[in-house]
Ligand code: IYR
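Next comes just one chain, in structure tokens: the form predicted alone.
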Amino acid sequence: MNEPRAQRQHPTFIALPAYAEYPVDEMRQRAAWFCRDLARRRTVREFSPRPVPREVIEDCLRAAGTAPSGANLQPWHFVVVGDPEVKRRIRAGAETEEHEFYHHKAPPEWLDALAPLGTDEHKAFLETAPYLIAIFAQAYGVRHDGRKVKHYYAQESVGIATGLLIAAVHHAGLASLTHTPSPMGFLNDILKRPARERPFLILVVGYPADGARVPAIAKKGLDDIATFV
């Protein structure tokens, strides 16, 4: 005979906290300012080794942790790497995979798409930048009693949290780079993360190097990315 389903917990609701409504004119100004500010954000591959205060990174991570997630299960884990030896090992693992990608795995059309960015298998920024944030998506959680809790929409939830983290890093006055060598299983080994966590990406964070350059590319306009019906 099947065991009876565990009794579901009744939800508890509270009044919406800390919501702030703005006059329409101020709303327009705030939306326009935020748009202009994020338009300044560029992915950087040339980083300065200048140190960044840890509390800045901590607050950026707290901002990322406010992201919505499937059933509020918050299926993310962030590993902040500042140790030079660990960064060196991550670079070695990433460059091994990237060499395979650029020289054996990537189809010509993918390499053609990457050509305007000037990327290759050499990833010096993984050692130069003061912080690497390895972001993991958890397939399931583990309760204090050892029971597993499936995480729903884990990839989507972690993607949203990562977007907030990138915005927070930019808002703090730092630069970032999303790095996704494939596969990334070496991160579990180096950072001693459990098999239930899958690497999502590495976010490289720091100040841009003096004289840093970025590709001459542009973003799509609103008409190309949005439809109002």
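Residue indices: 1-based, along the sequence shown. Computed from a predicted model, the values in this text were never measured in an experiment.
The form predicted together with this ligand is left out here; the points below concern that form.
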item: Stretch in contact in the predicted complex with this ligand, which is absent here, among 195-203, 174-182, 50-58, 66-74 (heavy atoms within 4.5 Å); value: 174-182
item: Close approach of Val149 to this ligand in the predicted complex, 4.5 Å, heavy atom; value: no
item: In the predicted complex, Leu117 touching this ligand (heavy atom, 4.5 Å); value: yes
item: Contact test in the predicted complex: Lys123 vs this ligand, heavy atoms, 4.5 Å; value: yes
item: Phe101: touches this ligand in the predicted complex, heavy atom cutoff 4.5 angstroms; value: yes
item: In the predicted complex, residues of 25-52 near this ligand [heavy atom within 4.5 Å]; value: Arg45
